[in-house]
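Two forms of the same protein chain are encoded below as structure tokens; each is given separately, as structure 1 and structure 2.
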Structure 1
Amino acid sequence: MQGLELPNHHVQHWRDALPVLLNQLQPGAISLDCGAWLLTCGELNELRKTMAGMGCNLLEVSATNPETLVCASALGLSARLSSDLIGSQKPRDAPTTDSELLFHQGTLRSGDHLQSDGDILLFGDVNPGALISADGDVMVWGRLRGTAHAGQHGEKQARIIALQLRPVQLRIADVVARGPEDQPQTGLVEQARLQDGEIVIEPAPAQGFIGR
């Protein structure tokens, strides 16, 4: 698979650079490195159509911006966190502040507990018997089938987001609920949040899901 890297967003817009970059590639499968670009579903579709017009098939997207990865996954593309960011992730038990986002790559198995004083973004699954908790948002880039607790110190605006949100138990602040039993819709990112004192599950917004 050929690799294509978008230019630094401080130097050149990707729309200006794309024709030149595509002319350097052979027709075939493409892995796109978006860097720090925040690309919406519409922009990624635009990229994909432009590539298709040059005989290139966009299959994989990597990025340092989680919102770009949400959009890529919603379009059915393989999405992964940039290797540069993965290499700089904190150890599991490293302390964080409320403004920080803790990245962790790897599946949590029964008996594991991953927690943060800020938000958590986990790239992997949360298996039954595992717990993931945070003072802020809990975001799982995979299947959430264990227990998740967002806003563990009372933050009622916290959310739980996953590519497959089918946990044993959900907690947001001091509100507890069981996970839904129906099968999730393929490619639909879901979130759990508090509404009128109850936990509701709904499609997650593709843009702006990190910030509140």
Structure 2
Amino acid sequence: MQGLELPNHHVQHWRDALPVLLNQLQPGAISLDCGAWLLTCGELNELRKTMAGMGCNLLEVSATNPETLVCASALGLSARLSSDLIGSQKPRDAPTTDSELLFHQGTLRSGDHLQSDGDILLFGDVNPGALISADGDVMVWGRLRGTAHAGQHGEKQARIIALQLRPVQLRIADVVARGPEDQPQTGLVEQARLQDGEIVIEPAPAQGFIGR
């Protein structure tokens, strides 16, 4: 059986990658690895139809997302929990307490979108045109020159921190602000947070994340 693996959800949306992936398929039975994606019944059915049009037969679905598996079973496909679930979940000594931390290394280029349900720590730059968003804090060990959204589901305590904070736009919870236009002070780590309903930028405190 041929394997078809959807891209990592931090790298590219599966719909964007789909044409290329489908092109590589030979007619025959297909086993689909959804990774952490949530695919609804409709989406899975649509995929199955597209594949059928190419002479492929979608038989098996593996995923780490339980809802995807439920949808797959509902369609009569053989659903399997991905084996890498055990290995890839929360590292044992994760530095966060109540929320999950997503760590990503590499530069986000124009058009990229990195997002997390918890906090994000990016080791690299966010270029203009890229978007980084998290339910919790956004921390960039590098230059933030794109758009950042912290607390995307309304968390007003969320903060954005970067070694160089010169974004196109900042969003915290549902407040939006344009980035500062003056040149950044070198060697000063800045943070953006909400104060009286407005986004303010200030030097980041040295112990800003301890004991939150």
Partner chain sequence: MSTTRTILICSGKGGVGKTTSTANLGIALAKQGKTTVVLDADFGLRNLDLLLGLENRIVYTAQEVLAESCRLEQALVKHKQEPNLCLLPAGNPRMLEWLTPKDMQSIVSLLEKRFDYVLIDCPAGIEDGFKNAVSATREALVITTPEVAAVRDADRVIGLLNIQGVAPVQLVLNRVRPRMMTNQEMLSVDDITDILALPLLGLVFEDEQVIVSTNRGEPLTLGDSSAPAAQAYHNIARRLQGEEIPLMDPSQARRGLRARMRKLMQTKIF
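The first residue in the sequence of structure 1 is number 1, and each one after it adds one. Note that the rigid core is defined as the largest set of C-alphas that superpose within 1.5 Å between two forms. Computed from a predicted model, the values in this text were never measured in an experiment.
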Students should recognise the form predicted on its own as structure 1
### Task
Examine residue 24 after superposing the rigid core and state whether its CA is displaced by 2 Å or more between structures 1 and 2.
yes
Review point. So, does residue 131 move by 2 Å or more at the CA between structures 1 and 2, with the core held fixed?
Key: no
Task: Cα displacement of residue 70 between structures 1 and 2 reaching 2 Å, rigid core superposed - done: yes
Shift in angstrom of the residue 48 C-alpha between structures 1 and 2, rigid core held fixed, comes out at 61.0
